[in-house]
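We begin with a single chain expressed as structure tokens, specifically the form predicted alone.
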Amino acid sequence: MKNTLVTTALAAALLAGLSATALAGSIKIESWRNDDADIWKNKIIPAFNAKHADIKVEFAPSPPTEYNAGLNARLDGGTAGDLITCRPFDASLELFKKGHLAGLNELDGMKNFSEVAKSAWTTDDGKTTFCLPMGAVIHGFMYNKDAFAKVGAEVPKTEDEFFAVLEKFKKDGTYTPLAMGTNDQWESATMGFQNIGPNYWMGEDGRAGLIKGTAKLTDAPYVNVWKSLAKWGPYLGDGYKAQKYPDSQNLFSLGKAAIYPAGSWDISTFRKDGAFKLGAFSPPTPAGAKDCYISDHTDIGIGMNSKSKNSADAKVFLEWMATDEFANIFANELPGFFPLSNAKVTVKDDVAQEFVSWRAKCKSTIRNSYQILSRGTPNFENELWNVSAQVINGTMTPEAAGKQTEEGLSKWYEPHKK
């Protein structure tokens, strides 16, 4: 009886040890993207296992609204997975500062990513990158090719041509020229201000200027963006001030609108629901522009739990995620989410390929409100939502928008207090 009790106790201790320590040769991935679980399980992980059959990979997503709180609790409790899907900028930076994410500078695959690609997961001093960049979304405009053919419109390359096309559709009357509402506000900033703006403030140069304080939101490049947005209102259709994001998606999907100010993440939506030939064009350039710029926004990365019991296996997986093979799977299984590496990628979806082709002819930047500038109160990102919607609605002048956002930054951000 005594021997039985001892054996049972030893077995229990061993089981407890196994449950507290991850099994060698297995890794677990934390993610908020529960909508792409099938792609991970049926495409990504099998492709990795074809080369590394000895490493078991578990994809364990959480509902997006529960991810941050649940992940923090698991990290604090020592039960989090080996690999952590990273949101861009401050949320992941905070995890690194708390010691939850390991630095990844020594990862060989990091050489496949540009400084812009790594910026969402790099410390403010630029010394440490703590998540491997996975994917970005690109801004531009999608359009109904059938509608363009019907009214004889050409794809615009300049802003003058853009407004001429909108006027053509308005006079024709068959289609709402531009499918966007201002009720939710964020679209006005994300698909409006951040979409066309980089061509005015010259991408990364302008974004860096705001961070350093050498550029102000009252400067001409920013005021001129709002001046352009102020012209959108007459082309947004009846009731646009009450129109929400799903309403705009539906309007365009049903073939009732000609142009949709877009994020590439909507490609799948319109592939599924649209009953017309879909096209895309990059943000038209303002008069006098010599170069073109696109918002090629860092959206998702993946890091390593600093307390991972299987860091060696986790690093093998991260190295594989920096390869051309992963980039091609990611780009084609999730059209509209684009790899951030310099891999040679063949995108099969023609609209997604159109979006990603702009990287070769235009300079990439990220949304200027996402790094550092939205850490205080008032929140710069939320301020942009509000003022951009008001400018489009005609209830605020472009100059007033610049004044309000600049004053907001100057209340808490030292470089703008000068």
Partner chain sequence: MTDTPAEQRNFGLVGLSKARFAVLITVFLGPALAIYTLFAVYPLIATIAYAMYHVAPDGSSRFAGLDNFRTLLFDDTWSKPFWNAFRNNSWFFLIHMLVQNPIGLLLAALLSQSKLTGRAAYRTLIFMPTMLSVVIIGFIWQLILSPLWGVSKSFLAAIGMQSWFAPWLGLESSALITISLMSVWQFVGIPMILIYTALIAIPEDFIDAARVDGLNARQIFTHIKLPLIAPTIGLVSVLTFVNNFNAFDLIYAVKGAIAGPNFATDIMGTFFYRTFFGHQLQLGDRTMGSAVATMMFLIILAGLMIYLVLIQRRLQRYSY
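Residue numbers count along the first chain shown, from 1. Everything quoted here is computed from the prediction, not taken from an experiment.
Only in words, not in the display: the form predicted in complex with its partner chain, which the text now covers.
- Residue 243 is the only one of 310, 243, 129, 282 with a heavy atom lying within 4.5 Å of its partner chain in the predicted bound form.
- Only one of 204, 161, 219, 90 comes within 4.5 Å of its partner chain in the predicted bound form through a heavy atom, and that residue is 90.
- When its partner chain is considered in the predicted bound form, residue 42 lies well away from it, no heavy atom lying within 4.5 Å.
- Residue contact check for residue 273: none of its heavy atoms lie within 4.5 Å of its partner chain in the predicted bound form.
- Contact between residue 172 and its partner chain in the predicted bound form is not found at the 4.5 Å heavy atom cutoff.
- Taking the partner from elsewhere, residue 36 is found to have every heavy atom lying beyond 4.5 Å of its partner chain in the predicted bound form.
- Contact check for 295, 350 and 364: none of the three has a heavy atom within 4.5 Å of its partner chain in the predicted bound form.
- Annotated contact segment (heavy atom within 4.5 Å of its partner chain in the predicted bound form): 373 to 381, selected among 28 to 36, 373 to 381, 351 to 359, 46 to 54.
- With contact defined as any non-hydrogen atom lying within 4.5 angstroms of its partner chain in the predicted bound form, the contacting residues in 231 to 254 are 238, 239, 241, 242, 243, 244, 247, 250, 251, 254, given in sequence order.
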